[in-house]
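Read the single chain below, which is given as structure tokens and is the form predicted alone.
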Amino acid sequence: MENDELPADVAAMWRLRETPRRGPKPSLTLDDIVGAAIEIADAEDLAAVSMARVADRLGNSTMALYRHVKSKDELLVIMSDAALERPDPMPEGVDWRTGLTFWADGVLTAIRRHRWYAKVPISGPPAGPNNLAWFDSALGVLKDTGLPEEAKVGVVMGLITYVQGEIRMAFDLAAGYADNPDAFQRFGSTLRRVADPRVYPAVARSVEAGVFDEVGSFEEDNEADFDFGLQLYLDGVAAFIDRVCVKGE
């Protein structure tokens, strides 16, 4: 495929798009623009990022940015790939389950360094160099499972859906907890008042068992929930591998 056939944001992420050559040599680079945008988002959150703010931070005109970035939406795509960085090397000799656990924990750590990342809309498959490196790392862990390539991709895409969904929900809940911790602390007593066991019998059984009564450290609870869900997902992958590769179903 020729460079001019690539989607514009993909060509920009891979630095395959030529900038206009007329006039004096530009004083800006795409890396300068992306770096400034990430600095603003890290300091003030994603909503603070605009072409004008980035230009001001760099001491340039807004129009100068458009030689490298076509729009704010394109900038968000490029900066989200840049912020994710490359995954740490997979430890030698790990089995697929340990490897995918290591991978998922790595994604969580990477996004926590740039919490705004979870607010960038997911508009397409992982096509940037850093996102593709993470995708490749997860696929590589499944190399010796015996799964066909299509199934490996399905396993990794399912894991991405779980990890991204958990992270985004955890960040939203953390913001809600910061605004109103009492709503979380009182959740069990609230359910006791509104969850009529004749209408919500399953919820009522959980309430009666005290599931919602003990609220510990919010961060620790999120960590435990993330790991619990991750291991459940990997249990399903293990059963799938056994069914497809061992039993041949």
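Note that the rigid core is defined as the largest set of C-alphas that superpose within 1.5 Å between two forms. Residue indices: 1-based, along the sequence shown. The structure presented is a predicted model; accordingly, all values stated were derived computationally and were not measured.
Below, we turn to the form predicted in complex with another copy of the chain, even though it does not appear here.
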Per contact check vs another copy of the chain in the model of the complex (non-hydrogen atom within 4.5 angstroms), the hit among 55 to 63, 41 to 49, 180 to 188, 28 to 36 is 180 to 188
So, in the model of the complex, is R168 in contact with another copy of the chain at a 4.5 angstroms heavy atom limit? yes
Taking the shortest heavy atom distance, is D95 within 4.5 Å of another copy of the chain in the model of the complex?
no
Another copy of the chain contact in the model of the complex: P126, any heavy atom under 4.5 Å: yes
- Item | Heavy atom of G140 within 4.5 Å of another copy of the chain in the model of the complex | yes
In sequence order, the residues of 228 to 244 that place a heavy atom within 4.5 Å of another copy of the chain in the model of the complex are F228, L232, Y233, D235, G236, V237, A239, F240, R243
2 Å or more on the CA of I33 between this form and the one not shown, with the rigid core superposed, yes or no? no
Core-aligned CA displacement of R186 at least 2 Å between this form and the one not shown = yes
Worksheet entry | Core-superposed comparison between this form and the one not shown, V199 Cα displacement 2 Å or beyond | yes
